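Next up: just one chain, as structure tokens, the form predicted on its own.
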């Protein structure tokens, strides 16, 4: 698992299925730079644990007693936006996936995922990126295609800005984008600022939402 070399990341688990939690902890203990900060079985306890443990990453289920995973995600992002969130659930319902994306969780994968994808998701999120599995992205794309949309927001963007959004979604850095497009890094940074203003997005997750809504996100994770 990547991330800053030699840095230990604290992970809090919120899930009311003990057998699953035990299996998840067994997988996480194999990662050198992951430390399990604690485990809770409901959303209310998760909020208290975040205050005490100050985790880098919260891994949460959707269905829990009391405060649901969706409500928990909203609360955490509102109160502690620096805490990254990975939703790990059996739910693949379009409405739930949409709610999680709108609440700006950094990732969403299904519980039937393999160990490698889970490791990739955690690594990407701790590396200040996002990870929505192919299945989850397909659910969102299907939902959006069924909606009647007004004039596309992409009309606000230049061809170059659209090209740069696609590269950002493919996780190219500003330096890599500059090299690929044969322009300076300063020019790329200027384009990024313009993109943020035009799309009215504040975070990478917000930009991901815009990209999905406008068919700019490639499903190739």
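Residue numbers count along the first chain shown, from 1. Think of the rigid core as the biggest set of C-alphas that the two forms share within 1.5 Å after superposition. Everything numeric here is computed off the predicted structure, so don't read it as measured data.
Unshown form predicted together with the DNA; subsequent notes refer to it.
The partner is absent here, but in the predicted bound form a heavy atom of 158, alone among 158, 54, 63, 35, sits within 4.5 Å of the DNA. This chain is drawn without the DNA; in the predicted bound form, the residue among 189, 31, 179, 170 with a heavy atom within 4.5 Å of it is 189. For the DNA in the predicted bound form, the listed stretch (55 to 63, 41 to 49, 179 to 187, 22 to 30) containing residues with heavy atoms inside 4.5 Å is 179 to 187. In the predicted bound form, the DNA stays beyond 4.5 Å of every heavy atom belonging to residue 68.
Using a 4.5 Å cut-off on any heavy atom, the residues of 162 to 181 that reach the DNA in the predicted bound form are, in sequence order, 173, 174, 175.
In this overlay on the rigid core, residue 180 has a C-alpha that sits 2 Å or more away from its partner position between this form and the one not shown. Taking the rigid core as fixed, one finds a CA shift for residue 24 smaller than 2 Å between this form and the one not shown.
Relative to the superposed core, residue 12 undergoes a Cα shift smaller than 2 Å between this form and the one not shown.
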